[in-house]
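First structure 1, then structure 2: two forms of the same chain, each alone, as structure tokens.
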Structure 1
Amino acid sequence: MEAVNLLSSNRYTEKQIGYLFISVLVNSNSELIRLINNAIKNDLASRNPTFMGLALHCIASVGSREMAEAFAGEIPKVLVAGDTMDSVKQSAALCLLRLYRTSPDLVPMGDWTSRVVHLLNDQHLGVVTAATSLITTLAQKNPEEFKTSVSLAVSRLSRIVTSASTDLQDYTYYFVPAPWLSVKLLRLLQCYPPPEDPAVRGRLTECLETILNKAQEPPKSKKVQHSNAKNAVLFEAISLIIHHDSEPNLLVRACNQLGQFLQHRETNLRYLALESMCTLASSEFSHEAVKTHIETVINALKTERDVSVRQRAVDLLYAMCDRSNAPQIVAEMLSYLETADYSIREEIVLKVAILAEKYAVDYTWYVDTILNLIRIAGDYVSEEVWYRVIQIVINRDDVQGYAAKTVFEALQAPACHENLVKVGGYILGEFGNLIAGDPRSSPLVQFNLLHSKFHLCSVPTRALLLSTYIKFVNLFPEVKATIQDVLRSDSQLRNADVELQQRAVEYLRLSTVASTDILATVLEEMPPFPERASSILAKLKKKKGPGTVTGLEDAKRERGVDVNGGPEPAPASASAASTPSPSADLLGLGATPPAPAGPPPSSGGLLVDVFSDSASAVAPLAPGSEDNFARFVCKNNGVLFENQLLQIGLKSEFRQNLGRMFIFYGNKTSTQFLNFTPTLICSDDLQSNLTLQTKPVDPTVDGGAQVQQVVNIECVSDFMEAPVLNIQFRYGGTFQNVSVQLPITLNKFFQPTEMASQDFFQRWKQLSNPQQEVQNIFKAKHPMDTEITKAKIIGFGSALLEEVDPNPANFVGAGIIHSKTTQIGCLLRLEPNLQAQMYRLTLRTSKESVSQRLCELLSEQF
């Protein structure tokens, strides 16, 4: 009570002691809370800046729901009032931020929200810093209401980064002007996509270029505080560049800057550089630049003393891996695995398994890699990994004999890990006949080798080996008697484990009474496993933590798609095999399409409704989705759409007239999405030219989680439009309806064709009819950079033909558009005019509509 009385004092020291006591010791349920609230209201209304500051500090310190109910409506008025002093504005902004974080539902959005944005223009940088913290938090939940903050934040950031250290003396920290405010502004800009206004976008690009340029300048001080402040701004700027993923020049420059930090003596900088480069590796524009640092990253893996830095190095090697460097990276990760810290061994095993499968051109290399993995770190090889090698060996006829020979040789080691025995037992039981012609691996030798491991294994492995033995009875009649003796022994028929006992009894009886034909039918070779997504990838994501929206970024890093999918096999058993399905192509599109759920749609425009109830009206395309669509013309992976609730990421692969697209739906909120229904919509014309098959999606998406949908694609004939993806769901009782164009365009079915100069121009002349050529002369929309232009033409799908055009400044390409009904050859020529900042694009194909469509798509890229 004495403390409450002190609040009524007009002396600062007494009032301060009263507020201090209340902030620390008074419970929010105290009977005195009403008296305290009245005293705080009096101080807020007093217009005395000192007393107002004390009251605001007390509210923020207590931060209870009762405080929010009492003052959440008052504090915004103090914040935006014209006569409020700067120090009080700072306190009011931070106090409101505290209440919003504890009780967001009690802080009303109103007229003050538009006025608080203009605090970014305040002359007092302390007010701007506090307001930026508040706006960033509010914008994460209500981005549309604070969209106007983007231009103001860019303007303020521009003034800071272009100022000299003497211009902002009160807010310059070791020669770095306003580093805390710069970081906060950059974080605020990460709440939004790149600005649509060209002037604002250009100014932001200048700011980011200036920050990157300053990072190259010699340090103005040798003190660690200077480098810390400078690097804090730099890393936040790089995070913004990665978030926007739209400026190739900035992405490559950011990568080069981070590369310089990889060998820095400061451990924290090396860690942050590796972490940021992991994200950069997911961008189509900077992936190649990241790959140039592979030797430095491998060296860090070998020599780095800090385990957390080594783990980031492993992550970066995984992110930068592609077909060109997969053997080198997998070999280095296997080498490191022998001495790796126990805490990260399982993660490395999963990553090696994923990379070996994803980029295996020669599957004998894949088999060798997985067996080596089991030898080095068998204890950390989960069931998903050895299941996966079984799936791939069974599904690929060309590797079965090699796999049988390799596991047979591996099993001859005196000490074998149990996982190797499982793999060996399964493969020899299926394909041991392929190596039985060699006396060194005769049927009896194979059986004796496996049985020598039997007594050292656990019960599940023994059960698998018993299944292998009965398979041998069918494959090798000459060892039937030997195997029956083993099955007849007391150690099997009277085994304490009921599973082993039952298998021994049933297998013995089967081998005794069944005819040769029945044995051949029951014990025939396992059929190919159905194509399905790899479970190893799911295991890796589970190990990383619960599914979050950042998982979309992981998905972007996985630049190839799983092309050898299949569910986990059960251990080999005597169960009757189902009818084998034909070997699916690499993309798995030969599989039978899923049965439609429910009645067919009445509208001809609705292609497929993914296991949903009747859909509501389709929303118009989301703002900005057309720009994102254009970005995907020359790339296959990335974030297609993002708002405050939902993030949609894509990962896709195309081969000839077939394609597969993985769509990742991320819930950015903490609340469940209910009745989540994605639907693909095509016009009548598009339906006849493009076949899409989808798999169902869970109708409930937990807060912070993501779900994946697979779309199988077949190009039947050339097409002009793109399908629309409509997503409908309920969030917090509110119906949400979002539509975006799905970037499935004609150029995705391009296959590059290499041609000599003479062949190119001979074919060029053959396509000289007016209806076969389309030409477009247009102004450059982006900087005319030669390397970026080359990358875009290659990303478009055609082969880039070097030294073909007489003018070395021109770009020429060739390729074939594949569809189910026909193949259409395509030649292109791009002539840049640097002086006029213009391009002339000429496309020639045997079909006018194809020339027109490809010209439209490619013109938008430059």
Structure 2
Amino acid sequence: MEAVNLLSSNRYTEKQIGYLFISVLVNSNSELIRLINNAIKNDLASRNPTFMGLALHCIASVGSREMAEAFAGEIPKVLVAGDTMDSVKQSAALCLLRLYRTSPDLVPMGDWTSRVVHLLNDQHLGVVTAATSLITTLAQKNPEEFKTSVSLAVSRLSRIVTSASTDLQDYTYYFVPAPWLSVKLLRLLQCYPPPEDPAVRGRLTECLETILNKAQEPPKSKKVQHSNAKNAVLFEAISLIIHHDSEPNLLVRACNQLGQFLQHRETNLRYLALESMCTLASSEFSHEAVKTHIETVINALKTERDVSVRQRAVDLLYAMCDRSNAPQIVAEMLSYLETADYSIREEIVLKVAILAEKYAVDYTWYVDTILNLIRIAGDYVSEEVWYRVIQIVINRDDVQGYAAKTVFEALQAPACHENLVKVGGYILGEFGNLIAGDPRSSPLVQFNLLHSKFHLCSVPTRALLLSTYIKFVNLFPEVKATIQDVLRSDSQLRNADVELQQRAVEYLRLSTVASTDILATVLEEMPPFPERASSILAKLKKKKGPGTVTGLEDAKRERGVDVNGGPEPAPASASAASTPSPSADLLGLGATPPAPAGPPPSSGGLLVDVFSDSASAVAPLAPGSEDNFARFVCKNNGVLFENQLLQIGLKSEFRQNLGRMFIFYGNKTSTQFLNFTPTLICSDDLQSNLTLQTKPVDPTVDGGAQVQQVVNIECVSDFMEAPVLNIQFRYGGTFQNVSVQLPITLNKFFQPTEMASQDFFQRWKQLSNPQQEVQNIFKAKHPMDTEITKAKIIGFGSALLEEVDPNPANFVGAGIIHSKTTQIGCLLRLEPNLQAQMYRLTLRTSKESVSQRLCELLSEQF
């Protein structure tokens, strides 16, 4: 309280102490806050610059929301008023910045924004510095408002950079002109893309070249401050060049400059050079130039004493890796891994795994690398890495034999890591037969090798090994007896761990009871895994955080990989398709060729594939179409069906008994669809009640294109079923067949009718014939929200009548179904029971079938 009193005194000392006290000890005590705000307001209004300065300082230090509310309007005025002193302008700009950072919504964009941009031209460099900071932050949120600042910033920057050292006097720092201001202006320019105006762009390029040139000149002073300041400007300029990514010669020059820094005496500069080069490596223009420095970087990796610099070197190697230098880089990273710090090992492991996979031309090299990885840093090899190697080995036939042999040899080492045992166990279980011919790796030898490690492993590994043993029983009947003995031993059958005990018991039983055929089917080779995004990449991104170098360069790398014409995806899918995979057919229903309908849609696709016949005329309804159908009962637009190849969207409008539906077929792939034929199928009953008329569609659909089909609909009489849309086309070499239900339902021809309460009840009594009423009590499928329910009823087509039902929680609706032959009046009443989460729906119409159908349709919606 005393402090607040001090604030209002006229004496500077007391005011100062008061403000200091407030800034340090503010809390949300509302009484004091109001008084404080009042005091600040008075000070701001007084034209005394010292007092205004103090007040602004306090606001900036505290920056709470109440202060922002009070002052966010005032401060911009102070900022742009003509008669405020320079020092006050500075403070006001930064204060506004602080308020904006804490409460961006409370700072209104007014006409002061253009005046703030003009501050960039001010005489007083302090004001310019403050204004630039402010504009940089504001421009990130509203780039449009501050576009004019770009040209002003460029001209200011060029004036500074080309000025002689005597011009700026006090703002020259150890012979570098206004370094802080230059850095801030360069930051501001990074908020915008390269300027379109050629004059401005030319000036900017000149400016950047000057900065780069200055770096080459001999230093004007021996002091480290001079070089630091000069290099600060240089690094910021390089960031700008990288951000713009448009001038190749600037990029190359920047790259060369950074290359020089890589070998500088000062550690700071080496660190920053490595960091900047990481971002440079992802730009297409300079990627080549960056690669030339690979030797230096590798050297740095080996000889640097500072661990953070070594870490940066690893990052840079990862960034600059591509097809040509992948083996070398991976080898270097592996050798570094042996001596790396524990804190960064996991990251390096992930990176090596990703690089090895991405750039593996020969998959034997990949297998070797991963096994080496496990050998060197087994503890840090996370699950994703060895899952991935197993996936790849299984998907690729050619490398299976090699993998089995290598793993076998690796396991013979006396001390091998548990992850290696896991991988080895799995691979030998699947592909041990490929090396069983060689007497050194005969089945018994393999088994003994694995079993020798058995007792050294943890529970999950042991479980995996047990599975491997039963696979051996299938593959090598000669070791069956040995394995059965092992399984029968007490340490398995009475093992403390439930999983192991269960596995041992079941496998033992299986091996004794099952005949060879069943055993063979149960223990079939694993089918190839579907291609999925690498979970390792996801893990790496999670570790490094979003928006870092890895994310950025992966996005650019995706571009690059396609440009390099990556052969990996093609052979992967080819081999996946060509493997006959009788094992995909779990129920052994005969050797059907792989399901032709492309990769199955997400929900429950596998079952459909097993039962479907490839060349049938009409494929069964695509799974998931039921859900979409229900959604379309109450709405007219949206996506009806989507799978990996095709997307079907709908837009429909209905009037009385007529309707028109636009069906959009989108080709999601990059290959053409040929013989594209959609047909509408209606059962006989349906055909008499509903008339559909369509126009033919172009049979060729280009990749990425969308074609439209118009369907004219007329409702002759009420109908129960929905028509089916069947689409057949050829994609690549395969024949595709998709069917979905078209959501043309009776309620589409429902016209809402407003009526008063008395009319409603009158009609309700009129329709009291038992056949005319249908009632349904059902459990709510969706959360019972009033607004949503109302919206659904209106979407259904009925008019929602307010204040008709004495119970306000109930919903009442009325409307007329229009058909060519008849008009049928309908009344509905929906009573929700929130406690039981159930509804009671009553429908009364003049025709029984209509009541039935509408009740059915509407019950699904809730």
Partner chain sequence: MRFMLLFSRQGKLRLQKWYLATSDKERKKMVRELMQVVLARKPKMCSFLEWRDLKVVYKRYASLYFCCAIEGQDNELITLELIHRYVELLDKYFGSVCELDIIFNFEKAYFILDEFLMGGDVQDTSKKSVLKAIEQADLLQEDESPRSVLEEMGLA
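Only the largest set of C-alpha atoms that superpose within 1.5 Å between the two forms is called the rigid core. Since we're looking at a predicted model, the values are computed, not measured. Counting starts at 1 with the first residue of structure 1 and goes up one by one along its sequence.
Assignment of forms: the chain in structure 1 is the form predicted alone, the chain in structure 2 is not.
After superposing the rigid core, the Cα of Pro460 is displaced by less than 2 Å between structures 1 and 2. With the core held fixed between structures 1 and 2, Thr303 has its Cα displaced by under 2 Å. Relative to the superposed core, Pro770 shifts its CA atom by 2 Å or more between structures 1 and 2. In the core-superposed comparison between structures 1 and 2, the CA atom of Phe811 travels 75.9 Å.
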